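For reference, the chain that follows is the form predicted on its own, supplied as structure tokens.
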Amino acid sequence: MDGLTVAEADLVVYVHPSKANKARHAVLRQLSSLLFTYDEIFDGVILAYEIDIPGEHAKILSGLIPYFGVKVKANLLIFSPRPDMLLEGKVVKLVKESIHVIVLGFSSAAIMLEDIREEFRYKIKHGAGVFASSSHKRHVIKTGSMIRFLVKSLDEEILHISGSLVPPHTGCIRWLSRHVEDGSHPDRSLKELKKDVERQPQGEVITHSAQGEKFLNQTRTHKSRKRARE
């Protein structure tokens, strides 16, 4: 899936002196406060982190409350969807006018009727609505299906994605894995979708946690032989 990157970062986490005897716990708590929120500097959502504290020394800051800074090396997994990227998610709601999807368990996406290609027709099967392809009878999207869709736009404040099923290489992943990987849609192969996460440079950020501690970031940044029936 597109949109996932790993950033290597050198961090300095400023910890309250009352936490001096539990500095590692304080650092982890500070980093956890950044998870699953959009960060403007990293230009994405931090999903996970792995840290290493290389030394036992910390820099004490002057002031009424002498915070001390702990140097940390971290690997950050970042979700940063962009227009024209391909994402995957689970269908949680499907009605005649739209398909609603959850990506990575936390980000919502909606695909409106005008963004669903014409081959998909809304039908009622076994008492539930589905979008079934008129070209490939086994290509069906229903509640619970894992689908691949194209990103149209992203609302960063609420982490909501507007998606599209217009491109021919989008739809139910189970069906696509059997019929598209053979190259019937040469514009984008599944091998490209499974590429390793890229490492990219990031910027610098100062944020505040609920406890009022300052946080400074500075980064260094199987294959089917049958072709789909037309």
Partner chain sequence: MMGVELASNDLPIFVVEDGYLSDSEAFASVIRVLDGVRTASVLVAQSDRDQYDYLLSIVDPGKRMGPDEEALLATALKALSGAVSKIDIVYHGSLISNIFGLCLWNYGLNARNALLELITSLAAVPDKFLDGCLHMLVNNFLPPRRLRESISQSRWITRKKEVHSELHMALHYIADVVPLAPMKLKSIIEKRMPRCTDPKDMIVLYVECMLGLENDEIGEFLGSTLLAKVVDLLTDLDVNITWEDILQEEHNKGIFEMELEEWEDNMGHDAEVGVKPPMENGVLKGNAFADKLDGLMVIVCEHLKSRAVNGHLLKVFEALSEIFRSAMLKLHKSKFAQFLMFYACSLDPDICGLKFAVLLTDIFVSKNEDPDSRMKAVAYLASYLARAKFISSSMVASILKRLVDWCFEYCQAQDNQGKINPQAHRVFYSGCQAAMYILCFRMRSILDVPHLKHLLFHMPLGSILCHPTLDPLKICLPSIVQEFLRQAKAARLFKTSVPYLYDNSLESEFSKAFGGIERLDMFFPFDPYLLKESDRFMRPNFEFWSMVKTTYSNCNSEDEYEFDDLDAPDFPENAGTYEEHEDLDLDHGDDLEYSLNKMSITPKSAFQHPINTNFHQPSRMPARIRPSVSPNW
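Residue numbers count along the first chain shown, from 1. Everything numeric here is computed off the predicted structure, so don't read it as measured data.
The next section is about a form of this same protein that is not shown, the form predicted in complex with its partner chain.
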In contact with its partner chain in the predicted complex (heavy atoms, 4.5 Å), from 67-75, 125-133, 80-88, 96-104, is stretch 96-104
Please tell me which of I161, L165, I46, V27 lies within 4.5 Å of its partner chain in the predicted complex, judged by heavy atoms. I161
Is its partner chain in the predicted complex close enough to E118, T143 and I147 that every residue in that trio has a heavy atom within 4.5 angstroms of it? no
Find out whether any non-hydrogen atom of F36 is located within 4.5 angstroms of its partner chain in the predicted complex, and reply yes or no. yes
For V151, is any heavy atom within 4.5 Å of its partner chain in the predicted complex, or not? no
Within 4.5 Å of its partner chain in the predicted complex: residues from 112-132 (heavy atom criterion): M112, E114
